[in-house]
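Laid out below as structure tokens are two forms of one and the same protein chain, each shown alone and named structure 1 and structure 2.
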Structure 1
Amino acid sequence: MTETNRAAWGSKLGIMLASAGSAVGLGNLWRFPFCTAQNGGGSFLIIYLICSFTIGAALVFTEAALGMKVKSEPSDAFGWIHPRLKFIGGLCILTSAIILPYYNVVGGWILAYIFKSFSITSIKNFGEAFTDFSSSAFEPLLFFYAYMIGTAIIVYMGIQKGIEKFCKIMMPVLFVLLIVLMIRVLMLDRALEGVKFFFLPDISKLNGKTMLDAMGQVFFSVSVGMGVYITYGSYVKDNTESVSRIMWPVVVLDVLISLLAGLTIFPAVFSFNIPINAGPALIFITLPKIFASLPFGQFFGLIFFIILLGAAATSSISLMEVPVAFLCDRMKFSRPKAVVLFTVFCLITGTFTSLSFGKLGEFKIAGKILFDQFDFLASNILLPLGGFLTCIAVGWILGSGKLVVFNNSRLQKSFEFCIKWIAPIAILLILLKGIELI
């Protein structure tokens, strides 16, 4: 696919919202509150904000700048730096291909719970209800297939008519619904205790673990290391505007959604005196139980799962676009053919992943079911490894000065220093922590 006939975003707003949609996902609405709770609330929040606007922003700018420069998929982008570095782009594509099937299994669960929210008040034991649902052979697969096909249809429709149009609708809807839900939760008794926990720092919690967890949350939240921003950046037509002006809103919106999620979830769990560190149960067991006890609980439960679905969907389509772009650019497949082939791969892989909670639960690798194995491989190894290699390739081999992301010379030098020194050291620590070497 050449630059003259390559697909392109229809507007600057389109790439901003699509890129922000990639960053905004379950990591903001579940992982962020969970990590914040484990690390003392406000203390974690301060480090998270600092890291988001330094390391996180630098990584987003780097990937987007590569895509805008080369106008191709990740392996070509790294091949432009040096032919032997194409494997880094291949690693990013592989990471997206591994994450999407199991991520979409969770997307199927969310879709199912939109329907279940209508009968949320009749559920007696939310823990048993979720276990019965996730371990059954038919129902989770049905909703996974529906969610996967919905994702494929959006990507099939292309950049402007599919991804851009969907994100222009879904991102504002997600934002408005989250504010509505936040306002309702803040009206609960003892909600202020949750707000105080979220914003007031506990100095005693400021330690090495807090810093590593905050850096890790930023890294996973902004969705770097998967080639998404390289791919999305390659669809930018106008190279006259600086990368930072286009991509700053991505970081800002990602942080803003995390803050809104914290202001929604912490007041709710403090009001009902429920432990926040409930893991995946927070989404599918704890919060539904809270909504069920509220007046108009069905309505607010429905809003919550629509928010989750929107956040998951915008991330899913960005993950799918990475391997689809590779098949189109490098393999010269048509978009319809690329989407169909990759969808079949995801449906097969996701089927085994979904069944690992039930009929295939006894099949384990290193003591982990398939779902957990894929999650560990992608989140703890491939993602940070891809991010670390990106920093080395750009900061040390190419020279980050050859990727101009700021018109301001001081900001540009700060960016170059971050990509060459701060970001790779931080990501290496995240990688070592993920594989439990530190």
Structure 2
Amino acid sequence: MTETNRAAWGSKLGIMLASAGSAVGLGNLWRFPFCTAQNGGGSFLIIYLICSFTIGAALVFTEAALGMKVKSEPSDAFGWIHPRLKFIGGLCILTSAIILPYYNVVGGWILAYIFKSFSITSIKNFGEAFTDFSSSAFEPLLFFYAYMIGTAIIVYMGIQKGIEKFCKIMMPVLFVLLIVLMIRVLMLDRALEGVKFFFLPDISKLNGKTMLDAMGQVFFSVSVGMGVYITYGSYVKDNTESVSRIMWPVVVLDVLISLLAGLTIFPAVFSFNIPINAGPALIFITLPKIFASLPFGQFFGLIFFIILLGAAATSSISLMEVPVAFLCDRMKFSRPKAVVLFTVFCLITGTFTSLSFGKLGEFKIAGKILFDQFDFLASNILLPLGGFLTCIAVGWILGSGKLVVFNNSRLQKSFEFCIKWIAPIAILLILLKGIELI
């Protein structure tokens, strides 16, 4: 299972930024704002923060530690714990095969909006423009294919020359641009009201649904439950550094970018007195409308969509690396063959998710169009299920003490307690709630 000529990161910073790149994505900039808005602002934020730094962080550490130890893709890693657990690796591939075809459709929309931002001031009705665009057949598909192939090329170029290099450039650029945009937005009139909505908790809005949504958001946002960090961890050459030292910045950066996104989007929305509950279309309708009315709006609109593109791309490549690593490690495919195979699969399934906004809109599964069903299935069921099984495998079957992630023994003990008790119980409750059993 361990190959001596296995690909490896060029540096510790490489794995750190690639992992942060996986975590920071549409989850922070697109999903987090509308989930927060739908769940009453500050109260959602508190649960999100608590879950990120406990369950989210513990799972990031666990996955990375497993990958660094076994040095292979997820099904081998779980198979190392117990041969019967190999199926969890299969679940990881399934999850990636469900997320990529809708995630990359949004990636395609972003690519299209980069071009649209040049003519942003000529758009009359942003809602109509977005609906017309997303429900048409040709344009979104074209941009989805372009985005998908771009992702595939980076993965094809490999760990060091593709993923590491791309993330090392993209992550700092993204951070700086987001800060520039946030400062501009915070200078708007009435921006403070948005800040208040974001930070002030409204206890009456705290209920089971808020908790479920917050937990689902954490899983999606830090990218746990589908073996991304097992895969990325498997490319670490020497295990001299403690896992938490390498991985804690990933969790912190992920939360920080969500906070920056909230501090950019809510003040903008409040200062223009726009209804906050636009849902998933928030960043494609509400924000372009706001940018269009600002001086140099085209420029700020362009910056915004470049930030989104960079964030989405570094996550898409991690989603793709999981099945590619499986095909290479387990099935002994060459990297090019694995990339081509999985890309073709995603191009086909993504065509259906993209068309579910238009021509295939009538086709619904349990009342949801394909796109929404995939998002629900991935964030509310498959990722938490993957996380739950990881906790059981490591906390109960392997014994969490066997994975040392902290040098400090007190922190290590709290980690073990979290993986064995807190995380699985919390995830189980949330999962049962998700499928409406409690």
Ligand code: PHE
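The first residue in the sequence of structure 1 is number 1, and each one after it adds one. Here, rigid core means the biggest group of C-alpha atoms that superpose within 1.5 Å across both forms. This structure is a prediction, so every number in the text was calculated from the model and none was measured.
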> Which of the two shown corresponds to the form predicted on its own?
Replying inline: 1
>> Given a superposition on the rigid core, I'd like a yes or no on whether F44 shifts its C-alpha by 2 Å or more between structures 1 and 2.
In response: yes
> C-alpha of I99: shift of 2 angstroms or more between structures 1 and 2, rigid core aligned?
Replying inline: no
>> At a 2 Å cut-off on C-alpha positions, does C35 qualify as shifted between structures 1 and 2 after fitting the rigid core?
In response: yes
> Q217: how big is its Cα shift between structures 1 and 2, in Å, with the core superposed?
Replying inline: 2.5
